[in-house]
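The chain below stands alone and is given in structure tokens; this is the form predicted on its own.
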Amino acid sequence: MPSGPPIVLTTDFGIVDAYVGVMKGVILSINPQASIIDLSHQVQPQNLQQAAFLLVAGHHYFPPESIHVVVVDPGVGTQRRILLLVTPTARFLAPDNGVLSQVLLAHLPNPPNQPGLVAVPDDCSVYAISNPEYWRSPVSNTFQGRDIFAPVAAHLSLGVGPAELGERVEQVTWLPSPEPVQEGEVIRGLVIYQDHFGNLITNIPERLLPQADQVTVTIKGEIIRGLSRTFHDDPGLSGASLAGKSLLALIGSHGYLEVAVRDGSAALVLPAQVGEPVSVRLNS
């Protein structure tokens, strides 16, 4: 039987090298009954915004007090801190580089618009991991996922309290995500994530959009009229046609507007990637 809450891993390590497997080995050496789940190891290298999106989109589906370990860490080995964020429903072990910003967003009444430091919300607590008793030794300057993140997560799963791992802190690094802007009947956003299928997920939430036949989506000069219901819908004359493929727009499972291609990749057909501008006209 598993011992303790699940440990959920999100990294930019990929699956070719042994890094993820080694982290799991360290965890199981400390807690042989640990339940380890992979959220994703395909985050683009050092892409903090992508990791933040995957984390905020996925963490709600895990049991209370799950331990989310996020190792997307351009500053590994530097003076940046490693933090443990405790929210009312989960725990997050991550570098202090802004990757936890989207999780914190739900707890902040007035989130800043600019990068910097933000006060820890009242219903959360944050600890800087500083007690080497719970680390491997020696600690590598380039693989702290193995030597600090993994053992600390394992000890947490066995019931070690946050205060035993380090001191409480009152501010953390804040990295805001780009928000859509509405100007009259036009909403301007951008692609914030490209999934494995080549679907382009934007930062325009469903709540800003009216019924399916009342929007016109434009991306890279291509126009899509109305929203489809599924990825397999035939967009007919409403979708732009490129390379024999028809583009469609729909609300995806994350609750945001997506641009897709039936039985194909929108990212390849357009081509487009993260950061691509998208606009939506609300037809009256």
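Computed from a predicted model, the values in this text were never measured in an experiment. Counting begins at 1, following the sequence as shown.
One more form of this protein, predicted together with another copy of the chain, exists but is not displayed; see below.
Using a 4.5 Å cut-off to another copy of the chain in the predicted complex, not one of 98, 148 and 160 places a heavy atom inside that distance. When another copy of the chain is considered in the predicted complex, residue 125 lies well away from it, no heavy atom lying within 4.5 Å.
Taking the partner from the other structure, another copy of the chain in the predicted complex has no heavy atom within 4.5 Å of any heavy atom of residue 207.
Using a 4.5 angstroms limit between non-hydrogen atoms, residue 77 touches another copy of the chain in the predicted complex. Within this chain, residue 271 is remote from the site of another copy of the chain in the predicted complex, having no heavy atom within 4.5 Å.
Among 187, 165, 86, 201, the residue placing a heavy atom within 4.5 Å of another copy of the chain in the predicted complex is 201.
A heavy atom within 4.5 Å of another copy of the chain in the predicted complex is found for exactly one of 110, 113, 211, 142: 142. Partner proximity in the predicted complex, defined as non-hydrogen atoms within 4.5 angstroms of another copy of the chain, places exactly one of 69-77, 87-95, 149-157, 170-178 at the interface: 69-77.
Shown here without another copy of the chain, the chain has 28, 29, 32, 33, 35, 37, 38, 39, 40, 42, 45, 46 in 28-48 lying with a heavy atom within 4.5 Å of that partner in the predicted complex.
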